[in-house]
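Only one chain is given next, in structure tokens, and it is the form predicted on its own.
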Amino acid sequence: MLEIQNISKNYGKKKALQSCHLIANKHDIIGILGQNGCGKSTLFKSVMGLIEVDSGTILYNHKQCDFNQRKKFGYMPEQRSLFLDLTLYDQLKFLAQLKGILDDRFDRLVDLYIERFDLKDKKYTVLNKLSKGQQQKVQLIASLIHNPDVLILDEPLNGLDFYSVQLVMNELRIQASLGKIILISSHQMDFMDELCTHLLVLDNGHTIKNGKLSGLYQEYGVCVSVNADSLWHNISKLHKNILEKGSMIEFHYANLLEAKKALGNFCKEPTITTLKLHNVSIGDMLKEGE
């Protein structure tokens, strides 16, 4: 268990974090979300011990976090920190040696991860010859190579194409299934909907949402989406609000009963060819909270 107990951090007059609280257990994937400057990176650096908090406590398995406990953490900063004149293999070997991983074990692990992240043919390529997305995946492997109990990932999806995002998300699900705790920040909200089990949303250092994603979904109701070129306006009478999303119209309802009733009405309209019942997206939750 990772416990962040009311930590605060100021940079001069700037209040980066204010009484931030979070409890994370095995298998949790917690999305740390908010606008630029909201305190996400400060939170991550505080957990890793890279900066000292002004107040509050960080515990791991009910003990004060110290250097030895943080050896069990894996951290991927937002800014890349690779030696670009090294090959992929040599860079990861250097970092693995810092974690005390012996050569035989390292060779097995590096082959496993470069296979999973579609980098097998880049094993001996110098890093400055790799694309930004490929370098991003190397940095993610570096955070995984020592088999940490806690993964802290600051914008790991930046620079990745859709295929690579799916590879990363699949790997994070595997890690969570093995009992890891994962804290992840990202501005790509659609992917956070698919990945996260919990959310912590920050705004100017203050916590504005904190809890299980399933509970937040219940708070925000249910959606029904239909194709925008249909005669939806003739039959929709039970709705909380309406959003236009590209080729779709999205209706928000207060609860599942209302949504199912509306769904029945929509099914009667022959011009509606696309119909979907789903939760409110994380992005829309954040918009409603602004």
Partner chain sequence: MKTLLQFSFKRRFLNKMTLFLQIIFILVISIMFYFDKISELLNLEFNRPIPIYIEPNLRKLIVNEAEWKNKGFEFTTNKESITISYSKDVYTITLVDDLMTQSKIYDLLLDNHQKRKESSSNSSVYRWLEDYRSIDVDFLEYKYEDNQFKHQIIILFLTSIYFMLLNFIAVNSNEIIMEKTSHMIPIILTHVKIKTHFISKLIIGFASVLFQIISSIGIVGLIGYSRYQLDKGEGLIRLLVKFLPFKLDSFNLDDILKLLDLSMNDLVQVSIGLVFILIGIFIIQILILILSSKVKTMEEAASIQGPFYLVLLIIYYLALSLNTTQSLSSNLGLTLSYIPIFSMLIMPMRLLTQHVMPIEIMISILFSFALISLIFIIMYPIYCEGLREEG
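Nothing here was measured: the structure is a model prediction, and the numbers come from that model. Positions refer to the first chain, counted from 1.
Omitted from view is the form predicted in complex with the partner chain, to which the following refers.
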Quiz item: in the model of the complex, which of 169 to 177, 190 to 198, 110 to 118, 76 to 84 comes within 4.5 Å of the partner chain (heavy atoms)?
Solution: 76 to 84
Quiz item: Within 4.5 Å of the partner chain in the model of the complex, heavy atoms considered, which of Ile242, Leu50, Leu231, Leu257?
Solution: Leu50
Quiz prompt | Option touching the partner chain, based on a heavy atom within 4.5 Å in the model of the complex, out of Gln91, Gln136, Ser164, Ser185 | solution = Gln91
Quiz item: Can you check whether Leu160 is within 4.5 Å of the partner chain in the model of the complex, heavy atom basis?
Solution: no
Quiz item: Quick one: does Leu98 come within 4.5 Å of the partner chain in the model of the complex, counting heavy atoms only?
Solution: yes
Quiz item: Is Lys45 a contact residue for the partner chain in the model of the complex, using a 4.5 Å heavy atom cut-off?
Solution: yes
